[in-house]
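A single chain comes next, written as structure tokens; it is the form predicted on its own.
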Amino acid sequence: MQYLKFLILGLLLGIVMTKAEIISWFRIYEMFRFESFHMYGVIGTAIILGIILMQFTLKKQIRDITGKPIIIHSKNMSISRYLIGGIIFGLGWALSGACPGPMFILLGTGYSSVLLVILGAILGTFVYGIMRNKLPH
């Protein structure tokens, strides 16, 4: 019962993303063809909002749901890490027409074929977990 607020928040986010056409394959297609600013505006807004909320979280020392402090660990900066990962993520996004969040919203709106995409994403995560020590980080 303690997670009910997160379920409600997730449902509201799904409704907003559906109404804003963020889950629309056509909008994603427009973005990758540089024909529309719609998705770039959404992504840019999310990045700016994420930066603001992270700074607020760190400044106010907000704790997680279990009461533990939120700690952001430094990451090793490497061009290959982000370049290769970004290319793989972008190719998957372009080929499937959905990034990870909207995949579940598409499933919830009745597009059962997105189950293949979700299974592919889970398989890709599993394969990454197996190969993680062999990849450049």
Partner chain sequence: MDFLFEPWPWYMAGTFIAIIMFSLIYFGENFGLSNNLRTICSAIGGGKYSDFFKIDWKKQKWNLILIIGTIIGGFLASTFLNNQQPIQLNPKTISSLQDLGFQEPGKHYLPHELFNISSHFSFKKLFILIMSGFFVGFGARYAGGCTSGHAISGLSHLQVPSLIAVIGFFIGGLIMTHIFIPIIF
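No experiment lies behind these values; they were computed from the predicted model shown. Numbering follows the first chain given and starts at 1. The term rigid core refers to the most C-alpha atoms you can superpose between the two forms while keeping them within 1.5 Å.
Unshown form predicted in complex with the partner chain; subsequent notes refer to it.
Although the partner is absent here, Gln61 sits far enough away that none of its heavy atoms falls within 4.5 Å of the partner chain in the predicted complex. A residue is said to contact a partner when one of its heavy atoms sits within 4.5 Å of a partner heavy atom; Ile130 meets this definition for the partner chain in the predicted complex.
The partner chain is not shown here, and in the predicted complex it never comes within 4.5 Å of any heavy atom of Met1. Residues of 108-129 that come within 4.5 Å of the partner chain in the predicted complex, judged by any heavy atom, are Gly108, Thr109, Tyr111, Ser113, Val114, Leu116, Val117, Gly120, Ala121, Ile122, Leu123, Gly124, Thr125, Phe126, Val127, Tyr128, Gly129 in sequence order. After superposition on the rigid core, the Cα of Phe56 moves by 2 Å or more between this form and the one not shown. In the predicted complex, the Cα atoms of Leu13 and His73 sit 3 Å or more nearer to each other than they do here.
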